[in-house]
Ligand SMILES: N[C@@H](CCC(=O)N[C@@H](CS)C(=O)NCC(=O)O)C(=O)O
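Below, in structure tokens: the form predicted on its own, a single chain.
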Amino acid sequence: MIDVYTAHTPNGIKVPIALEELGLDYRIITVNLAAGEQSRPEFLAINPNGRIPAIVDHQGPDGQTVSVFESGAILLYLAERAGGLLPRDPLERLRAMEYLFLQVAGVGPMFGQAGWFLRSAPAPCAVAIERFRGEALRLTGVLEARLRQQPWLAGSEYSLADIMNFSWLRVAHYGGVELARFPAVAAWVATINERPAVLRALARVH
């Protein structure tokens, strides 16, 4: 059994989606972010960075209990544990890793910052909005170019790279991005939204 400490956020839905796609048993433990539960000592013992998601796998390597934090690390761990969501073809595996790290280093931070300055900043900051929304738009363009060439980010096969990026692109408006400008990305989001595993995962995360 895998305990998933998470919440209904773009980063928080990635792990349940991956677990559903891989067919692994898991239990959702909702972390109340508004109440600051992510900063409590018991959670920091699992994730010293104090952010969701994090997991505790009670049947980890050599049967040991192991905790993992950071969504990219978690998805890589689960993919290798279960033997799925990573292409076997070496080139497609490489592409999956590229787009996984593009999300970790670019898409998530830029969309997150754009959304915060657009919606939560105590005072308007035009230069920050221009900077982060501009990067969100640019990165969506990178995904658009790829998805015009291939059905999935890795190539011919759905992978953890799609899950990682989908979690933010499904709420692209949060970062000030209108998906109507990016038809290939919009079609890709719609296709993933209809996957049974995605529907099951979203129904479990509140």
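Residue numbers run from 1 along the displayed sequence. All values derive from a computational prediction rather than experimental measurement.
Form predicted together with this ligand: not shown, discussed below.
One residue of I52, A172, A154, L143 in contact with this ligand, assessed in the predicted complex (non-hydrogen atom, 4.5 angstroms)
None of the other options qualify; the answer is I52.
Heavy atoms within 4.5 Å of this ligand in the predicted complex: which stretch in 63-71, 175-183, 145-153, 22-30 meets that?
The contacting stretch here is 63-71.
For the spot marked by N165, S167 and R195, is every residue within 4.5 Å of this ligand in the predicted complex through some heavy atom?
Not a single listed residue reaches this ligand in the predicted complex, so no.
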